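Below you will find one chain, with nothing else, as structure tokens; this is the form predicted on its own, and questions on how it binds or moves follow later.
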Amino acid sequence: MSSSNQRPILIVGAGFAGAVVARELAERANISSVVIDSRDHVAGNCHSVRAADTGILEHVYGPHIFHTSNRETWDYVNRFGVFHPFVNRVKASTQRGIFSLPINLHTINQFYGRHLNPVEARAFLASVADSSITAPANFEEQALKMIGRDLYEAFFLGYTQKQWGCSPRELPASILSRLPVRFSYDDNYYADTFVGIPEAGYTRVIENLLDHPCISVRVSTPWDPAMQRDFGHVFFSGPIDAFFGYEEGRLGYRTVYWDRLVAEGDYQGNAVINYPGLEVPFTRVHEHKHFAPWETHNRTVVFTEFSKETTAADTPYYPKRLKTDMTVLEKYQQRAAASPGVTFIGRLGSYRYLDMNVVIEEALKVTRQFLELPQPT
């Protein structure tokens, strides 16, 4: 596609999806774009800042750990920032003690007070799992089939109710596929080849992505449908239902918020500790200095995370994708297919839970399609 008679492209949202599209348009086709964001900063929910009161690099909208097994994706993000290797060792604080997640051989032996080897643990878990469930119809049935009732109730039942605001029986079984069971002592939350966190924070990475003569960035600039007529195409990474004025109804999301605490020393000795029990109202606690173990700080910043239903005034985080949501989504997807001047990208634009690596890979793919370039093999 030639840029000679091409009007500028409008990109709504300055997170990874929008920044990658803008960069690819600029580098591959010398196409100018304007990137807008309603917030007063770039990087979306990945936004990170160096806190003035502690010097700690805070993940302002909750922790983000980049992980991928795709070498191309890893090399791509490392063009725009130095990523330090990071091992995410999540713990779960329950009434029976503190355990490692995801469920692994140590978790099983500690929870049941046993000394099982991998073969024995696999057989034991199969014996306590619900073998009568052949085709799990929801999250709860999937969990009971995989790990049995005791582990399900200890680690997932209450956490899921707090996180999603509904019964696990209302959620799709596919959600649990993100949570593996390991019959080894590997307590690394991610099994991907490459896992890291940028040394200078995600905002710096996004700023570097957007640092190109063909890219203009306007923050504190909300989307207005009237903008569309001034641009050759729109890449929209906001909520797809918002783009269409919620005319088919609102899609369901959960949002999260945090209580911030500054303290001396070390608060919990780990980056993330989950609290699955219903006896506490929050879901997990993050200690931000542990996301940058290459730094040293005398003070600490702690975020206690709560989950709630998204209202019109809230930032949507997690697509719920209940049956009613999927019916509404289908209507918006039909309208999107009939809107040739706009491409929907990112988590909110596609109404899917997407990790950062997938957002980047899909942004690369959709830009190549837009430019009619061959996809990498």
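Quick caveat: nothing in here was measured; it's all calculated off a predicted structure. Numbering starts at 1 and runs along the sequence shown.
Although it is not shown, the form predicted together with uridine-5'-diphosphate is what the next lines describe.
When contacts are judged by a 4.5 Å heavy atom cut-off, residue 179 counts as touching uridine-5'-diphosphate in the predicted complex. At a distance threshold of 4.5 angstroms between non-hydrogen atoms, residue 61 is out of contact with uridine-5'-diphosphate in the predicted complex. Within 4.5 Å of some heavy atom of uridine-5'-diphosphate in the predicted complex lies at least one heavy atom of residue 175. At the 4.5 Å threshold, heavy atoms of residue 290 stay clear of uridine-5'-diphosphate in the predicted complex, well away from it.
The three marked residues, 139, 160 and 274, each reach uridine-5'-diphosphate in the predicted complex, with a heavy atom inside 4.5 Å. The partner is absent here; in the predicted complex, the one residue of 303, 236, 155, 86 having a heavy atom within 4.5 Å of uridine-5'-diphosphate is 155. For the options 146, 101, 210, 197, the one in contact with uridine-5'-diphosphate in the predicted complex, meaning a heavy atom within 4.5 Å, is 101. Remark: of stretches 247 to 255, 117 to 125, 292 to 300, 163 to 171, the one touching uridine-5'-diphosphate in the predicted complex is 163 to 171 (heavy atom within 4.5 Å).
Looking at 350 to 368, the one residue that comes within 4.5 Å of uridine-5'-diphosphate in the predicted complex, counting any heavy atom, is 353.
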